[in-house]
Structure formats: structure tokens, C-alpha cells
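Coming up is one lone chain in C-alpha cells, specifically the form predicted on its own.
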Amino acid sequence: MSLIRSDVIIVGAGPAGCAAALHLSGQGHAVILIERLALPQVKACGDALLPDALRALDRFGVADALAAVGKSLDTLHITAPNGAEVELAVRSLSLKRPDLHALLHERLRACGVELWRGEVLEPIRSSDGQICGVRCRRDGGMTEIFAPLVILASGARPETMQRFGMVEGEAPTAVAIRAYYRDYDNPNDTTLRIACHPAIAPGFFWLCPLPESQYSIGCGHSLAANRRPEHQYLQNRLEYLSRFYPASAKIVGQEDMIGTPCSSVLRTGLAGAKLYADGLLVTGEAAGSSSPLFGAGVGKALESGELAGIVAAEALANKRFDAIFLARYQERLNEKFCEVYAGQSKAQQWLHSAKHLNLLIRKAGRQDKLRQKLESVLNEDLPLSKAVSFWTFFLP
């Protein structure tokens, strides 16, 4: 068994783990980043990077590389259950999730971060019970890595979190499925489409243009408490909705699917996990960082991972790795996200009603002021609670 030491171990090389690693390496710290899955990872994702994600990627020095390979989107088209429509101006960019991961991993290597393929089996604890490293299986052998701080960015599935005793709720809060299609008929399409339909309620269907004349077509569904996702149900919903909407039916009808549909679970609203312990931080979707309302995950994963990296750097500077010191991580997450997520969770209760959705989309299509407010929400210039309220549905 080999023994290795580092300043920080990060488990999971998705957006959150990469963000934490990039911040720490920028501060001169040695980081080992471990990923269980093949790199770059495949995930059911809408593949649209909203303004929060673009700002974070710019901070990490990836913006130029991203602009060179991504596709610019300028419009979000929303369809209500009753067919009412609205178009919102949005600054976005699309890129397949594996390609985004590849850009982040290339940046990590340029910054000197060690990126490993391996499976973390369990934490290593000191005599007083504090986590001080991990045991992992790598290249057919066992490796022990010692570090004063471990960051879990292991995604929505709970297995790794369970090994560290950080799970408070095993059930995911949402599930998504997507397929990639090739289509050469619409090379100048710059519109991201979202449609709400009773067949996937509560949830939505999406159609996102991608580089190289491709599309991401998928749907996401919020889960009731303790309900487990069913892949066959999702695949049936995706097939039905893909052929129901004219814009996607033209693409799907050509039957030029790339690969097979991929499904993934999500954790949202910073729920379902403990976020810190002695020698340990939890970030990204493992911490439930995805949006409770939209399910958007990349931007908030990057931001939460960056916060984990900031607190980890402070812990290294102060040589403090106890839970009392690391509690500042949850305090900062709350400061940054709680108001946003509280507003989204409240709005989610309203918008799970087809009646409310129909009314909101119809009003936004007719009223410039409401449409502009929703555009400000997408750009995170305005909290959702100030754009949409209970009275939105009743005032003319």
C-alpha cells in the first residue's frame, strides 16, 4: 500500500470539485483531486451555462477557451402547460457537459493539480476521530492519502457521503434524462426552449442548441419525498414530449440520436447533507447546490466549490481544521444562497400549479415590465421573490 501526503484532498472532479481545486492551487496549495468515473464525466444536463456559471468560469480563467468551443444563446423560450408562450432575453452559452469538464480538467493540469482516477473507499481518522485522509482504490491497488482537510464534491448519489457519515436524507429531490441529437437544418438557432407539460409535472422539457449542429433534448422531474426515480418512466416521458413539441419533433423524427439517453439524480436547495465536520467540507451537488426551481446546477456548483476552496485556504493559513472553524463555510453558503433558494422554493410551490404557470407565462408574454423582471432573475440581478409574488397571479 502506497502512502501520499497533500494539503487538501478533493473527492469528485465535477464543477464543484474543480472550482475548489482551482482556488486552492491559485493560493499555492497542493491538491489531489480524485474522480471515480471515467473522465470527462457524462451527466444528464441541459448543457446551457447561465450567467452565474459564465461569471464563475471567467474567474477561473476558462472563459476564453469556453467561448472558442461553446455556442452563444440569446433567447429563452418558455411554453406553459396550456400553450401560452413568452420569450426572454438571456446571456447564455451551451456546451456538452463532458466538454465543459474537459476544459476544467485541462485548466487544473495547467495549474499543477493532481487529477486521479480512483474510488474513495473510506476516510482515515486520527486517534481523536478527526478525518485526516482517505483510503482509495487506484490502478488495482490501495493508496492512503493524508491531508488535514478533505472536500467532498462527490455528486448527488449518496454512497461516498454515507461512508463519511454526512448524509441526512438519501432520497434525491429531482431526476433528469437527456439525449443528444444531430441536426443540420438549424445552424443559426440560438434559442433555449423550456416547456411545462402535464406529462412531466412537476417539471419541464428542454431543447438546447449545441455546437457542431447538435441538440440536447431532455426533461427534469421533481420527486415527492422518499420517491425513487424510475428510468423507464423518464424515458417514456422524454420520447413522448420530444415528439409532442414541433421544434423537437423535427429533430427527433430524423432519428439521428448520438449515443443513448442518460439519466441522473439531483439534490437541490442545500438540503439532505451535513456541510462540515472535523477535517471535512461538503460542496456542490453533494451539498444540494442545484436550483430548487430550475434544477440548474453548474453555476451554483462552481460557486459553492469556490466557497469551499476559500474556507479551506483559510483553514490551512490558520492551521484550524476543527468543525468550529469550518462552520464559517455553512454561514457563507447561507449568506450567498439562502435568500435565493428560499424564494425559489416558495415560487416552486406556486409554479407546480398548471393554473399559476399558465397565468404567469400569459402575463409575461403581454406585460413588458413582468418580462423584464424575469429576465433580471435569469441574470441574477433581481431575486425571484421580488419579480414574482403571490399577487402576480391576481393583479391585472
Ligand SMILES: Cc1cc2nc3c(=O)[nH]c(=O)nc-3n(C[C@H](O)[C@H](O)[C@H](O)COP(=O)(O)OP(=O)(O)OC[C@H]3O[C@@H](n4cnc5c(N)ncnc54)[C@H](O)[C@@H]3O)c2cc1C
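None of these values were measured; they are calculated from a predicted model. The first residue of the shown sequence is 1; numbering continues from there.
There is another form of this protein, the form predicted in complex with this ligand, and it is not shown here; the text below is about that form.
Only one of 360-368, 37-45, 23-31, 63-71 lies within 4.5 Å of this ligand in the predicted bound form by heavy atoms, and it is 37-45. The partner is absent here; in the predicted bound form, the one residue of G203, G272, P148, G118 having a heavy atom within 4.5 Å of this ligand is G118.
Only one of L103, A313, A296, I251 lies close to this ligand in the predicted bound form, with a heavy atom inside 4.5 Å, and it is A296.
Shown alone here, G284 lies within 4.5 Å of this ligand in the predicted bound form, counting heavy atoms only. Though the partner is left out of this view, V377 does not reach within 4.5 Å of this ligand in the predicted bound form, counting heavy atoms only.
Although the partner is absent here, L108 lies well away from this ligand in the predicted bound form, with no heavy atom inside 4.5 Å. Interface residue remark: V11 is counted as part of the site for this ligand in the predicted bound form, having a heavy atom within 4.5 Å. Contact residues in stretch 78-109 (any heavy atom within 4.5 Å of this ligand, taken in the predicted bound form) are limited to R97.
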